[in-house]
Ligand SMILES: NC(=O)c1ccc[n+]([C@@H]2O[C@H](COP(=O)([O-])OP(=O)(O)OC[C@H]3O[C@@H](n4cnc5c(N)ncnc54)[C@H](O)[C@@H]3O)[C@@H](O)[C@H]2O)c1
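The data below hold one chain only, encoded as structure tokens and taken in the form predicted on its own.
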Amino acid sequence: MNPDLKNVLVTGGAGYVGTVLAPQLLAAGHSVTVFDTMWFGCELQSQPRLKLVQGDIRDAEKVEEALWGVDAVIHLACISNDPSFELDETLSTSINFDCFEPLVLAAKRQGVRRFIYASSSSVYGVSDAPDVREEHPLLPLTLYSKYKGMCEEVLKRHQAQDFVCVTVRPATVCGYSPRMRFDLTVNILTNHAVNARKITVFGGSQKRPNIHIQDICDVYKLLLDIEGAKIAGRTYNAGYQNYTVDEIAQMVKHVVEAEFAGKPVEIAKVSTNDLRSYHVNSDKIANELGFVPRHSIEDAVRDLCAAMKEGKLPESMTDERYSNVKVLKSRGVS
């Protein structure tokens, strides 16, 4: 643990990634403040050095208060994914973009020394480039992706010697979390393969970069531990395996059939208007920081199968809590 960055605030820390990350930060010796609306519940348990704050990042006064004594911010909070964003674009814009610079400025005022921003590889939109590297033009297809890219530019403007700013562009995250999401490619395919014995592939030729949830958590921990001068003002892709949706479906089918022997999984294909396709190259984070992912898509599928066998994901085909869109709709966002 970097002793200069002991106290960490994780916005959106009760979410899919944050629920896995926060306990690992505690185990590494950090004190952690989770700042989250708790719209999707909270699976984190109260424990020493963990402070749970139910708050909205648009609430400037509450944000300022939560940042007191904080050394580093990992900013995960947002209305996540395109369908959720599009339910109420005014609300989503206010959360994903409008309050971003006020949050950054509040962090600087309170003496935060490092700000880690979770952007998205979706900022690249559609690309035929064999390898999409960080200098590739941003070609967002949706407002969700557009605002992710715009926040990156805002953050760069505030980079300073005593305020290290770094951006991560994660691929689509997959694997088990106590705050589970079954609206992400690998996860939803696994859920249907296990419980319906049938996978529906929309399109199939689109390339979808993925990263295991443990690997993306390792990225954030690394960015806390590493010397600030190495990452100041930098942007890093964080992906592992670039496969088409067809290839991912075949992987899911083979793992699920092995884990649940004797139960074949059917794959059905339908057309789609979702044209997002890109092959993300993550050599930069490997070459500059030595980060190499250690977990595969198959590992994510096996983890999900194990969680289902252990009863950790009840009613996974019907419970709305596993879908961001359904939860937001139930809260009146539409």
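Counting begins at 1, following the sequence as shown. Here the structure is a predicted model, which means the values were calculated and not measured.
Beyond the structure shown, there is the form predicted together with the ligand, which is absent from this document and is the topic of what follows.
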| task | Counting only non-hydrogen atoms, choose the one of 118-126, 224-232, 200-208, 243-251 that falls within 4.5 Å of the ligand in the predicted bound form. | result | 118-126
| request: Give a yes/no on whether Ser145 approaches the ligand to within 4.5 Å in the predicted bound form, heavy atoms considered. | output: no
| task | Please run the contact check for Ile57 against the ligand in the predicted bound form: heavy atoms, 4.5 angstroms, yes or no? | result | yes
| request: With heavy atoms only and a cut-off of 4.5 Å, decide whether Asn281 touches the ligand in the predicted bound form. | output: no
| said: Is Asn324 near the ligand? Define near as a heavy atom within 4.5 Å, in the predicted bound form. | reply: yes
| field | the ligand: the contacting residue among Ala106, Ala171, Leu155, Ala72 in the predicted bound form [heavy atom, 4.5 Å] | value | Ala171
| Just one of Arg179, His212, Arg114, His192 has a heavy atom within 4.5 angstroms of the ligand in the predicted bound form, so which one? | Arg179
| message | Given a 4.5 Å distance limit between heavy atoms, list every residue of 35-50 close to the ligand in the predicted bound form, or none if there are none. | response | Phe35, Asp36, Thr37, Met38, Trp39, Phe40
